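A single chain, nothing else alongside it, follows as structure tokens in the form predicted on its own.
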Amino acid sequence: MTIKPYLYLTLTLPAIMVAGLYSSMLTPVHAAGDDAATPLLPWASNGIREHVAQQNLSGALTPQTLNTLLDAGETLFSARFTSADGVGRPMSTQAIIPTKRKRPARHQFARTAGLDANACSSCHNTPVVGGAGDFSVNVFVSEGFQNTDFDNTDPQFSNERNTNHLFGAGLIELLAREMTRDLQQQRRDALTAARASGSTASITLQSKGVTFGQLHAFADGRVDHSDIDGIDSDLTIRPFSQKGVMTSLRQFTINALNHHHGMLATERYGPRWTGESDFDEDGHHAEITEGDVSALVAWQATLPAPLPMQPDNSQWQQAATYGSTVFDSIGCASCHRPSLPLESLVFSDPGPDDTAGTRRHGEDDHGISYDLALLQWADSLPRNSNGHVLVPLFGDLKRHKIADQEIATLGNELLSQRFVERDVFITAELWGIASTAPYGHRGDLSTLDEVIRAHGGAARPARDAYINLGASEQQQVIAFLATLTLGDHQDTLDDAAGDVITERPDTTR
């Protein structure tokens, strides 16, 4: 049986109604040639058979419309893009800012600046589609603002990165949005207080129990950000990528489509920003539509949150219980926080923090939203006394210095990215870690024990405390971490097949 990552929604509509949904949302791809209305033949080499029309989407999506969008997103995520779709960027680079090449690429596929994958699922596939990647699918990332190609895997030209899993990604982005809102409101409040008092107002920036240093506001409207910690001066949480430099799934998706596949999204590489409909000059227009990006975002945003596994083995159960206590006592949980509270499960796309180069919130009437509370896996998430979902991410969405002169393994990059220091990375969420070896930013650490011992910098005290534990206590910590898997969801989702949630009381707003 093929297990789909979102079998919590299954259509039970009559076939004619399903066909109606598809006809209104999806636009068939036509064969190349004089007759633009000629449909693709069954043996056509296209990876994309239908595009999603953003103009036919708007507002809060019903469960049925969402399920159709997720089908399209899953298909696109696993599609093996071909030259018939527009794979390749012969006259443009991998840079985030649309940038022309000076000369055509000698090779379309390369392990450096790309192309380096045929499908999104080529890398995100362990243990299931949407998961992580082995060392063999590492990518090479140049600085995001760099406008040239690189053709060398030497660390002075690029940073080598392992692939993270995407499960729970929608919850991560929602947490980031709420934390950004909190921190930016605190800055506004500090400025108001400074103006009212005529003196400096200093505040501790904090959201969901995570502290981001201090901000100083002056009566004349100036703000001193020199004492903030783990975040950019615009106070925007950027939860994606290992450096914490990608704001949203939409931004991440558009960047990845270009870098890894040479599939250019119209909303960044089309006429609005470049003045061209075929920016990479490969003969293909509208390679990825705005609706296609929305479908890919929806599929990723609705992937279930990884929940701790309950071992059948009683010895493992006992060891993991003790290990969880030790994990907290030695300081690991100060950054790898077991959970963060989330007020609302409503995911809007585009989000409030999407900016130029992606669709932007409120620009037109075709923004969409969907309530993750309608998804069956959301029932499994714990809640606090205020009714807020406790997202079990084992992270804090904050950047930390993770290496020092003695313990430098995790600070192995020579290039800064988006002006984030070379030895500073966002805290890795540990949910699913037991299913997604190897570890480390390069994926060059094969065991959980190895990656714990590799922690330096701000994590050095917790690392040293772990090393000073007895062997049995160290094993208990590993036993606990080994319960943080993705695998339990496969059975859960399989059992959920056929269940449709069409209505649920709203407890999130």
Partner chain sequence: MATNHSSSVPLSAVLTALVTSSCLITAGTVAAESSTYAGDIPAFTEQAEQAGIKHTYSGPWEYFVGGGVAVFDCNGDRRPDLFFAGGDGNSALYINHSSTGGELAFEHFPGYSTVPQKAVTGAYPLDIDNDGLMDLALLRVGRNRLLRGLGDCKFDHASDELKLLTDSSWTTAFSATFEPALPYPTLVFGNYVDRRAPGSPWGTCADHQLYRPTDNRDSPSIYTDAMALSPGHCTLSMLFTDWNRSGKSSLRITNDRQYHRGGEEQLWHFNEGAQPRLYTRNEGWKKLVIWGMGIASADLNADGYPEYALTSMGDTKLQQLEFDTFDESGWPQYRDVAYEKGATAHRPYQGDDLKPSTGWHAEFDDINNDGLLDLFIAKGNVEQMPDFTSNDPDNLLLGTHTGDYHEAGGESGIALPTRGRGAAVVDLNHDGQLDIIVVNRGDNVSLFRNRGAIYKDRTRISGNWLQIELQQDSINRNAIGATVSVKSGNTTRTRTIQVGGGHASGEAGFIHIGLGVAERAAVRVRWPDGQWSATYRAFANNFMIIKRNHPEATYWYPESAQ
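Positions refer to the first chain, counted from 1. Please read these numbers as outputs of a predicted model, since none were measured by experiment.
Below: the form predicted in complex with its partner chain, not depicted.
- For the three marked residues, F252, D328 and H455, no heavy atom of any sits within 4.5 Å of its partner chain in the predicted complex.
- Though its partner chain is absent from this view, in the predicted complex it lies within 4.5 Å of a heavy atom of just one residue from Q156, T204, T192, S314, which is T192.
- In terms of contact with its partner chain in the predicted complex, the residue from M309, I97, M91, A119 that brings a heavy atom within 4.5 Å is I97.
- Of the heavy atoms in V245, some are within 4.5 Å of its partner chain in the predicted complex.
- Although the partner is absent here, R181 sits far enough away that none of its heavy atoms falls within 4.5 Å of its partner chain in the predicted complex.
- Interface membership of E421, defined by any non-hydrogen atom within 4.5 Å of its partner chain in the predicted complex, is confirmed.
- Using a 4.5 Å cutoff between non-hydrogen atoms, G221 counts as a contact of its partner chain in the predicted complex.
- In summary, the region of this chain contacting its partner chain in the predicted complex, judged by heavy atoms within 4.5 Å and restricted to 272-280, 106-114, 68-76, 387-395, corresponds to 272-280.
- Residues of 358-390 that come within 4.5 Å of its partner chain in the predicted complex, judged by any heavy atom, are R360, G362, E363, D364, D365, H366 in sequence order.
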